[in-house]
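Heads up, what comes next is one protein chain in two forms, each shown on its own as structure tokens, labelled structure 1 and structure 2.
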Structure 1
């Protein structure tokens, strides 16, 4: 079993290193290395807008991707072919994204945008296949809740290390490859440097997927053989008729939205309320360390107080964090303490929700007669993506309404603006 846990954790490590690169650092590459000089802002704007729009459209396809995985039946099982194909194609896509597409970005930007759009759509689809096949293996690895808890926990631990690891290695890698490939000195970053970084991350993602591919084993139980093909038009019915999945989904959507909105607005708090945006960087360190402590505690705590205890109790702890936020005023230290209390239960609540979704596979099978592992598990990434998209909009509205834009100073924010900001960052979430 240890081998299986380790291979699953390695898969998650590579997967989230990849995701962090895509989600956070691609935009930095586009604005700081790909497009520089005349008209750069507009060109970078087109690329980032394409990314946002394509990803929004993709959300609707997640359950159908789950349906395709569920309908797959090969000697390797149903997840592994998709996991491997997803890893290979998405890694190649990532490497192409971090390049000038054979010089097109300089020679012909219109064709660059067109080719980039095609590359990104293909990359995003295969990334989603990888994402859904990887996480929907959970109900197939065991039907025992305790074993599922352990797989979920090691997976989440791997993802935490993967996404935090990228933050640590990104700049040293970009600078190392800039020196190696472009012969620069010091801290200069070149396109070739970014490309080298993307190749490393693409390889880490592929090697992690290979570890999961060879190291894990789908169980063959009586329950798991009881499946039928799911037609595409039925995937939303499968989700809709599973009332436990729907209630959990609604609860988790509100939870995720709450967390993401507050989390994204914290940087505005440091800049426009405290007036010290540098102090914000400590938050990243606090959450990285607490995440690494919090995740492994999940199986121990959940065996004592149950999933519901973790979920509801964890939210109570986050509410204490919110109360402290309200009293923080312009003290950065108070914000760190409040954020620590606010963040600590977050990974455990995530795992409690993930485990409830995993167990709702058998609930749906019992209630509706068919077993749908990937369609059911696709609900979680779908909700996380929805919450992310909503929160981006909410953050913009909050900042504009509160007058927290450009070079505004804390003294420029009116009492009314402050009330609006507090409503968006604390009261509403």
Structure 2
């Protein structure tokens, strides 16, 4: 079992490094490096609008993708073929997104927008297959609640290190590749720097998927045999009739959107409020250490106060973090303290939601008489992508409205711009 736990954790590490890069840092690449100069704000707005619209449309197909995974029957199982194919195509797509698409962003923006739309659609579809198949494996790896909790815990442990590790390496990697390929000096960020960073993340995502592909094994049991082929017209019915899944989904959507917006804008805070973008890397180190502590505590705390206690109590702790954010000003130390309190319960809240959604597979099976693993588990990735899509649009709106685009300096940000920024990063979330 140790091999399976480690393989699943490595897969989660690469998966969430990819997720963080796509949902948090692509908008920063667009506003700070891809489009600079006259008309940059409008062009960045077009790209992010395309991302939001495409994702909102594509999200409606996630349950159908879950149905396709559920209906898959191969010697490798139902999940692994989609996991591998999704990892390969989505990694290539990510690398292309963090480029000018062979100079089209400069020479012909209209063609760039068209090609970007095609690349993003293909990337997002295959990412969905990877996302859904990876997390849908949880109920298939074991039907024992304790073992399932362990898989969920090690998965979250890996994903925490993956997402927070990106925070640590993003600025050093972007600056390193900028200096290596563009001959820049200091902390200048170029397109080449962002492309190099994307290549690294794409490789990490693919290697993590390969670890899960070769290192895990689906269990066979009587309860998992109670499965009928899912008709596409029934996938939304399967979700809609699972009332426990629906209520938790609504709650988790509000939580995830708030967290992703704040987390995505923190790098802007360090660059334009504190005036030291390099200091942002420390956030990754702090949260990675807290994640190492937080995730293993989850089974212990759940045994004392239940998942509901973890979920509600954790959100209350995050609200304390929001309160401290508002008193941080231009102090990096205060931001580290506030973010530590804000982040510490996050992995446990995620696990409480994930494991309850996972257990709702059996609830839906008990209620409706048939088992739908991937359709049910598609709801959590669907919500995360919905939050990510809205977040991408919100981040660009916040940056443009606050004047935090292109080569702007902290001294260029007006008091009104700062109020707008605080409204997006703290008040509304």
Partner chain sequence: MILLVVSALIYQFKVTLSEKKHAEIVKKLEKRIKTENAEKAADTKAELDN
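Here, rigid core means the biggest group of C-alpha atoms that superpose within 1.5 Å across both forms. Numbering follows the first chain given and starts at 1. Keep in mind that this is a model prediction, so the values were computed, not measured.
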Structure holding the form predicted alone is number 2
Rigid core fitted, then: does residue 305 show a CA shift of 2 angstroms or greater between structures 1 and 2? yes
Once the core is superposed between structures 1 and 2, does residue 365 show a C-alpha displacement of at least 2 Å? yes
Once the core is aligned, does residue 8 move its Cα by at least 2 Å between structures 1 and 2? no
Distance moved by the residue 421 C-alpha between structures 1 and 2 (core-aligned, Å): 14.3
